[in-house]
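First comes one chain, alone, set out as structure tokens in the form predicted on its own.
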């Protein structure tokens, strides 16, 4: 007996493209490449931090294709990416893996699902706040805030442990403590803030998160 398929039944391709995959394609940078992964594992084998990933890139892609939304967006894995480009260079299908990792991290953060105590996420926030304030990185402020990221006691311990490095940086003028109290930055900071605010507005409208 011949079996017939109802016209209302989704095609195998449509079944494969679950709602979360569609969400990633629409909201994550280069997300439309996820479905091209052939699960060869070259990306995780090439990553210098590959052994530290709870879910290496190809596994995250499979989880996306399996519709595991919460598991992916709450994962710390994509925050492990150091932007070394090893995975991008070696991927046989030339997937922009690094961009997808950062895109997933950014999307999870915007949705409020990213791990709150992840050190990479916290560093990214400190770095962005630092450079967005004046248009240039204030290395003195960034370094001190990183030291004390986990509180006063932890900061003092970290500073003591790194004292030789800090003294070396002071001697070679790579660290300027006076710079901590100087705003510095680019001219026309107001224009920078206007551009950033407009970019935030456009991004929110595009992603439907406003």
Partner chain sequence: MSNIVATHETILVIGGGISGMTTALEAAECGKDVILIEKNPALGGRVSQLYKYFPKLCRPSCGQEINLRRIKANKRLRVLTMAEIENLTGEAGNYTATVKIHPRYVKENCTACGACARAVTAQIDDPHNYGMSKIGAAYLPNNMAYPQRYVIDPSIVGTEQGEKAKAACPVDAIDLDMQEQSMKIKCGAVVFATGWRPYDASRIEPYGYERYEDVITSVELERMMDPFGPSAGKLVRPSTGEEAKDIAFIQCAGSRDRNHLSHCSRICCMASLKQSTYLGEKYGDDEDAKATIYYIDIRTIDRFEDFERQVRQDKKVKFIKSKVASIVKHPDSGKPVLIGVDTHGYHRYENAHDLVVLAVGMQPSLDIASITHTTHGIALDSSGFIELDSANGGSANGDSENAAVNGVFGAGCASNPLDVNRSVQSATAAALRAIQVVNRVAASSSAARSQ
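All of these numbers come straight from a predicted model, not from anything done at the bench. Positions refer to the first chain, counted from 1.
Not pictured, yet referred to below: the form predicted together with the partner chain.
Participant: Using 4.5 Å between non-hydrogen atoms, is residue 111 touching the partner chain in the model of the complex?
Facilitator: It does not: once the partner chain is placed as it appears in the model of the complex, residue 111 has no heavy atom within 4.5 Å of it.
Participant: Should residue 156 be classed as touching the partner chain in the model of the complex when contacts are defined as heavy atoms within 4.5 Å?
Facilitator: So residue 156 does not count as contacting the partner chain.
Participant: Given that the partner chain is not shown alongside this chain, does residue 42 nevertheless sit within 4.5 Å of it in the model of the complex, heavy atom to heavy atom?
Facilitator: It does: once the partner chain is placed as it appears in the model of the complex, residue 42 has a heavy atom within 4.5 Å of it.
Participant: Test of understanding: in the model of the complex, would residue 68 fall inside 4.5 Å of the partner chain by heavy atoms?
Facilitator: Residue 68: no, not in contact with the partner chain in the model of the complex.
Participant: Taking only heavy atoms into account, state which residues of 76 to 103 are within 4.5 Å of the partner chain in the model of the complex, ordered by sequence.
Facilitator: In sequence order, 89, 90, 91, 92, 93, 94 come within 4.5 Å of the partner.
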